[in-house]
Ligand code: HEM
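Presented as structure tokens, the chain that follows is alone, the form predicted on its own.
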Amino acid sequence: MSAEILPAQAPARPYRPPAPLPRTKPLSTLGFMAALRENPVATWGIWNFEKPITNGRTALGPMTGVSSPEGIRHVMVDNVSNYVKDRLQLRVLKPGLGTGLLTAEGESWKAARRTLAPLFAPRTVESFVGAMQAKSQAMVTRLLAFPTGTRINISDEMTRVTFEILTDTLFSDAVDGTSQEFGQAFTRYFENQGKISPLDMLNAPDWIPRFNRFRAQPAINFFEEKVKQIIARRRGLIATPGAVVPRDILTLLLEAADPETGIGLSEAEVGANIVTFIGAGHETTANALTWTLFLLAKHPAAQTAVAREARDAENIAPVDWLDNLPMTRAVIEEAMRLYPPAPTLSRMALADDEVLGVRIAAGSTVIISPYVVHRHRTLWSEPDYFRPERFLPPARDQIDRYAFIPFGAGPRVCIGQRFAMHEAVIVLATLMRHLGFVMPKGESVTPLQRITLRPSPKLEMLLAHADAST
């Protein structure tokens, strides 16, 4: 790396990245509502990071926080049928995402999951590797045109490349619009709809206007219009004799039918799933990569290790990306541990239950926060520090399955998990073969929860061209 930009030595000890300090005292009702609206990850108390389960009453009603792997498995696997998406989560997500795979419940969710599962099978994902490499290399070529020391918005760059990969693979370039258009629309939606309204916290009727929903409406309108165009063009292609129709997520959604009734998905259901995959499919991976680059910029030794590993694996076979780049994968997983793309998973109990000896009343909310679980004092050594070696073999094998849940767990685990990991590893390795990154002096970011966990403000970095001697 260029010596004029990158520090010469790694820190004397692991780096402690920015995060809100856990609260030492419980918040009042009004204080909790204000903090939840401002930044939900800043509402957690020190006890949440020390106890396996917490229980109490909040402005949202009875609430139980579950942080132990045993309790998480009970809620998300063993007794999963008793726990559904809670009302507040649906009020935040549904206005923009509709009833797609992320928000659907019961039989409609099962049908959609079965329909889409083949598109994320290992062999299918591996067939996308070539496109992932091509889009990643195109990004690198674009960035190499800038001289060393150029300040770039890495948040926007990661949004762009993940959007282009998504549209090229899962949608066969059927999405009409640029990454900038969609990125701005999703940012507007997440930043406004993700800023939880006190009216939603208090379960006020939907007919009462919400200012945040009003500000998110242009983004929602954009999604609806784009989806109509996407569906109309693909239906036209399907109806054209002799036309070659891609077997992608769009075609699968349009052809999906209930095996018993033969009834397909409604136009609204198809549209909701399109928006869900475009939004969730690039927003979460873009955030994970942005946080990864931030952490590498603050830890030059790790950045150098990833760059060397990536260059040593220049001609890696498509099926070997995840296994042959252990350090690259480790820094991504450590970034997702510290800054999980989906920091909160919430459920409502349908019937009375008991978790770790604590009674869960029907109708109460259960919170499983990957952000809390990933920083829990009983589960991790130095939980607040960036230590990618914890995800290197053989240490990686000692991590409890339910102590690391960036993609969720159980039947509703993220369907695109394998796709996202391949994508993230390929993008990062391709970048680090040719480029280096450093934070400008005196600037910092903080994690802000707006549905997903993103850096605030948007992350800007100084660019450096790689030096083959490092």
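Heads up: residue numbers just count along the shown sequence, starting at 1. Since the structure is predicted, the reported quantities are computational estimates derived from the model, not experimental observations.
The same protein has a further form, the form predicted together with this ligand, not shown here; the description that follows concerns it.
The closest non-hydrogen atom of Leu60 lies beyond 4.5 Å of this ligand in the model of the complex. Proximity of Ala420 to this ligand in the model of the complex: non-hydrogen atoms within 4.5 Å are present. Although the partner is absent from this view, Leu166 contacts this ligand in the model of the complex, with a non-hydrogen atom inside 4.5 angstroms.
Although the partner is absent from this view, Lys135 stays clear of this ligand in the model of the complex, with no non-hydrogen atom inside 4.5 angstroms. Heavy atoms within 4.5 Å of this ligand in the model of the complex belong, among the stretches 238-246, 341-349, 218-226, 139-147, to residues of 341-349.
Note on contacts: among Arg396, Lys85, His376, Arg91, the single residue with a heavy atom within 4.5 Å of this ligand in the model of the complex is Lys85. This chain lacks the partner; the member of Ser369, Thr285, Ser155, Gln303 within 4.5 angstroms of this ligand in the model of the complex by a non-hydrogen atom is Thr285.
If you check this ligand in the model of the complex, you find a heavy atom from every one of Gly281, Gly408 and Cys414 within 4.5 Å. Contacts between stretch 101-127 and this ligand, counted in the model of the complex as any heavy atom lying within 4.5 Å, involve Leu101, Leu102, Trp109, Arg113, Phe120, listed in sequence order.
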